[in-house]
Ligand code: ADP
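For reference, the chain that follows is the form predicted on its own, supplied as structure tokens.
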Amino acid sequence: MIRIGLTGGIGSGKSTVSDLLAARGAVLIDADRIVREIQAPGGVAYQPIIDRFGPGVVAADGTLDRPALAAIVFADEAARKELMAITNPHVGRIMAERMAAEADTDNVVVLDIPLLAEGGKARYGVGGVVVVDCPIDTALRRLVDIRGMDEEDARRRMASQATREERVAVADFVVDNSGDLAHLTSEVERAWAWIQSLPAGGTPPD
């Protein structure tokens, strides 16, 4: 198993890169998707989130109202940390279980972790870190024009993450996503070739 960390700021195009890597044969373990699983009705984080943040974060269909929850936690750092305290231990446990299932394979396992730079790459025991990078104004434009986010909300979310410079500082390989999809695809091809050149395994988690 070759274990790689993948990260990038909101609006960087990290999810597109993870999908392109999966299309090339990588096994994707996506922290954001795990968050959605555990926050779904019946998931281990669902009721604790309601207990902490109240019925206002529940949508009419019984699922969590993610925009309502985001409006709370991205406006209040203490609330954001409380949400992370509810979800992060479960996400870490599930990611470890899914990694363990791949331990005896020859697969490339990509850990898609939005906050990898904040947690430090040694924490995840990866053999290398791929960072998806683009200019801040490009990321902001994508969030507003493509995702339909309110600009102020997008700026708050970006401010809650590591800086562009902090992410690049932990990178072993940088994927430039400042251009179009054809450019990004060529960048992913370069990244895939680099990943396949790495030795199996990773570094021991701390």
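Residue positions are given as counts along the sequence shown, with the first one as 1. Just so it is clear, the model here is predicted, and its values are computed rather than measured.
The protein also exists as the form predicted together with the named molecule; that form is not presented, and the subsequent description refers to it.
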property: Answer option from Gly54, Gly179, Pro67, Pro41, heavy atom within 4.5 Å of the named molecule in the predicted complex; result: Gly179
property: 4.5 Å heavy atom contact, Arg33 to the named molecule in the predicted complex; result: no
property: Touches the named molecule in the predicted complex: Arg157 (any heavy atom, 4.5 Å); result: no
property: The named molecule contact at Ile10 in the predicted complex, heavy atom, 4.5 Å; result: yes
property: Partner contact for Val188 in the predicted complex: the named molecule, 4.5 angstroms, heavy atom; result: no
property: Options 45-53, 143-151, 59-67, 166-174; stretch whose heavy atom lies within 4.5 Å of the named molecule in the predicted complex; result: 143-151
property: Residues in 43-60 close to the named molecule in the predicted complex, defined by a heavy atom within 4.5 Å, in order; result: none
